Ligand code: HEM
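Take a look at this single chain in C-alpha cells; it is the form predicted alone.
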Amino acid sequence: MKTTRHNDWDPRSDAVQSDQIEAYDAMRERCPVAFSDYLQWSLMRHDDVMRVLEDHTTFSNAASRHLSVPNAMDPPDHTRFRRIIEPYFNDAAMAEFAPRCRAIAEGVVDRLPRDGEVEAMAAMGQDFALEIQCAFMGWPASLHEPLRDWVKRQQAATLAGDREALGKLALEFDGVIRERLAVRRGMDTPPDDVTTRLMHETVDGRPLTDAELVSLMRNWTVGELGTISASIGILMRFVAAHPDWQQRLRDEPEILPDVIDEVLRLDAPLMSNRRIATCPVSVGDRQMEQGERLTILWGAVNRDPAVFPDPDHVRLDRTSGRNLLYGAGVHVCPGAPLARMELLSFMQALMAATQDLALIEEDPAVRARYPAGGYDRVPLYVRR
C-alpha cells in the first residue's frame, strides 16, 4: 500500500521563490531530505546527492515521460549514446571552435554602452547564449530572434504551470530541429558542422532515428540557452557587486576559470535535476518507495557548509572535485568543456572591454523563480 506523505515545505511559496538560494540554505539545515507534492523528495545535502549520483542503479535517470537522449537514460543505453556525444566536446573539438567562440563573445560585449545602464540578462546573457549555441550547432543567425521569442514563451508557460502550452512549445522546437535536418538532406553538399555530423552517427550499427536526433539536439540547445544566459547574469552581477574581485580579475586574468566555477557554485545557474528510485531505499533518515521522484537541488547542494566552509564567499583554495556544478558520476555533463570555454571567453572579453561594472541601487536584480536559476533581471551600470 502506498505511503501517505505529508508536505515538509512548499517550494512554490512566495517565501521560497523570492530567493531560492536563501530558502534552500534554511531547508538544508532544517530538513535536508524534504517531501512536497510538487517536487516529491528534495535533496539538499552534498553527501546524499553524491550517493545518488554514483548509484545509477538505485537512482535512475529515466525520469522523463518522453524520449530524452541521453539525459533520461541509464546504462547500457546511456553508455551507447555517450560514446557518440563525447567526441563533440573533446580537446580537438574545443580547439576548433575556440576562435569562433572568442569572436562571438567579443562581439556581444562590444554592444555594451560606453557609459550607461544595461540589463545584463537580456542584453548580454540571452544574446550570447543564442549566438554561441547556434554557431556551435551550425544554425543560421536568422534563428536568433525566433529562438529568443520561443525561450520567452517557454519560460512564461513554465512559470504558469501551463502543461498544454509547454507541450505545444516542445513540438514547435522539435519542428525547428526537423527543419534543420530537412535543409541538410536537401543539399548536395551540406556544411561540415555539428548538426550534419550528428546526422551521420550510428548506434548499435544503425543510424540515429529522427526522434533520437531531435531529442539529442533539443537537450543540447534548450539546456544551453537557459544555463549559459543564467550564468552570464550571475557572473556579471557578481563582479558588479564585488569591486575587489572585479579589480583582481582585471589584474590576474589567469584566475578567471577557478573564479567562474566558484561563483556558479554559490549561485546555481541550473537549479535542479531529477532521479527515480528503482526500489525502496532510505536517504538520510527518510524512507522512499520504488517509483518516487527525487529532485536534486543544486542551489542547496553546492552550498553545503559541511563540504564548502564559508559557502557564501568565493575561495580559490577549495577542492574543485567537490563542486557539482556539472554533476558527477556517469551522468556528469558531457558539455562541461564547451560551457567552461564559452563562459571564460565571455568573461575575458568583458574584463578587457570595460573599466567598471556597478550595481544600480535603485533598481536591484530580481531573482528567477523555480525551475530557473540565477536572475530574471540584472540591471547594471557599465563604464568602458
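Everything numeric in this text was worked out from a predicted model, so none of it was measured. Residue numbers here begin at 1 and follow the sequence given.
A second form of this protein, the form predicted in complex with protoporphyrin IX containing FE, is not displayed here; the remarks below concern that form.
Under a 4.5 angstroms non-hydrogen atom cutoff, protoporphyrin IX containing FE in the predicted complex has residue 330 among its neighbouring residues.
Remark: residue 58 does not count among the residues lining protoporphyrin IX containing FE in the predicted complex, judged by a heavy atom distance of 4.5 Å or less. Within this chain, residue 176 is remote from the site of protoporphyrin IX containing FE in the predicted complex, having no heavy atom within 4.5 Å. When protoporphyrin IX containing FE is considered in the predicted complex, residue 298 lines it closely, a heavy atom lying within 4.5 Å. None of 228, 236, 104, 294 but one reaches within 4.5 angstroms of protoporphyrin IX containing FE in the predicted complex through a heavy atom, and that residue is 228.
Distance criterion of 4.5 Å from any heavy atom to protoporphyrin IX containing FE in the predicted complex singles out 339 from the list 39, 339, 359, 27.
Of the candidate stretches 152-160, 70-78, 168-176, 121-129, only 70-78 contains residues with a heavy atom within 4.5 Å of protoporphyrin IX containing FE in the predicted complex.
In the predicted complex, every residue of the candidate spot (53, 224 and 275) has a heavy atom lying within 4.5 Å of protoporphyrin IX containing FE. For the stretch 123-148, the set of residues having any non-hydrogen atom within 4.5 angstroms of protoporphyrin IX containing FE in the predicted complex comprises only 133.
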